[in-house]
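Just the one chain here, the form predicted alone, laid out as structure tokens.
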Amino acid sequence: MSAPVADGVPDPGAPDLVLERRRMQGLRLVGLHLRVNVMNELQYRSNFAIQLIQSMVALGTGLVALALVFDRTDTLDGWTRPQLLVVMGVFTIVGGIIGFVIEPNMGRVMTDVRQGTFDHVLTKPVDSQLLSSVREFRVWRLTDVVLGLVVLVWGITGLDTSVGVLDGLAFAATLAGGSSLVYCLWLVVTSGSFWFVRMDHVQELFFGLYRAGQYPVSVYPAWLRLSLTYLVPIGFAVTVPSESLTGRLTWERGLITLGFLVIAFAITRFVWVRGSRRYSGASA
């Protein structure tokens, strides 16, 4: 698309207008799919009760395990009971975000590639990565987010130090960054289906590793700590936001998280573009 000209001079603001138009188009796309999925989910309200029971059982199991730990000790690698409640809350919130938007969309991409119906995404006049990331929403999984917030507030009220506005902003930023890193990892794994078709077993492996996130990564051996931070970014997704609320987050850690996020987005985009170009489906 060429930039509009006036008297032969290109309009320097035209690229900004195009970028703004694409951004608004993306927001409308997200809103449309979210609205449709909410309407569909509201037809089956009994699923809310089922999901709530499942979420409460999972959270209760984690809290029981935490209680057993503190029956034997007052701290776990320097983390007190209220601080680990904060970690548990963040772990539950991130798990809810994964179940709400990341897992269902990545699963649908794998299914479309395996069945040869991914053409319906590639032929749409929107960015294929964006569309693939917002087609499915499991609204009832937001119960995990709500329960996680309850546990988070519970933990914060027991902290020895107060949580200020800057701490809250740091928490929001690191939580968004950590969730984005999980999305990047999952999309890279999902893109592998363009080469290997079936990647379902890798997703199951991720869920197993994610369970380790209910405790700070610092409690694990060095090799596992590095793996849970840089290979499977549970440390960035759960531990770093928890550190922002418990006074443990350093500016170096924050910069590392930001740098890792930029790199992860670049790698994810590269892998997605290369993979989608390899796709040959029903219309090929």
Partner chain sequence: MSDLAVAGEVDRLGEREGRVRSMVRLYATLARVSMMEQFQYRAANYFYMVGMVIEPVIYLVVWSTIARQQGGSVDGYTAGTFAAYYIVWTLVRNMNIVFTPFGWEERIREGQLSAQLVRPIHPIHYDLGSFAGWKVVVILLWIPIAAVLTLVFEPELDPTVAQIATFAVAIWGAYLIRSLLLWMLGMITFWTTRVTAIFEVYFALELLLSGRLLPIGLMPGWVQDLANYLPFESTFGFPITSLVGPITNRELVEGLLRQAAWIAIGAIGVNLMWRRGVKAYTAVNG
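Residue numbers count along the first chain shown, from 1. Everything quoted here is computed from the prediction, not taken from an experiment.
Unshown form predicted in complex with its partner chain; subsequent notes refer to it.
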- Quick one: which of 30-38, 253-261, 51-59, 236-244 gets within 4.5 Å of its partner chain in the predicted complex, going by heavy atoms? 51-59
- Query: Quick one: does Val139 come within 4.5 Å of its partner chain in the predicted complex, counting heavy atoms only?
  - Reply: no
- Query: Does at least one non-hydrogen atom of Asp77 fall within 4.5 angstroms of its partner chain in the predicted complex?
  - Reply: yes
- Might Leu205 be said to contact its partner chain in the predicted complex, defining contact as any heavy atom within 4.5 Å? yes
- Message: Whether Lys124 contacts its partner chain in the predicted complex should be assessed with a 4.5 Å heavy atom distance threshold; does it?
- Response: no
- Message: Please identify the residue among Val188, Val134, Val145, Ala212 with any heavy atom within 4.5 Å of its partner chain in the predicted complex.
- Response: Ala212
- Task: Give, in sequence order, every residue of 223-256 that has a heavy atom within 4.5 Å of its partner chain in the predicted complex, or say none if there are no such residues.
- Result: Trp223, Leu224
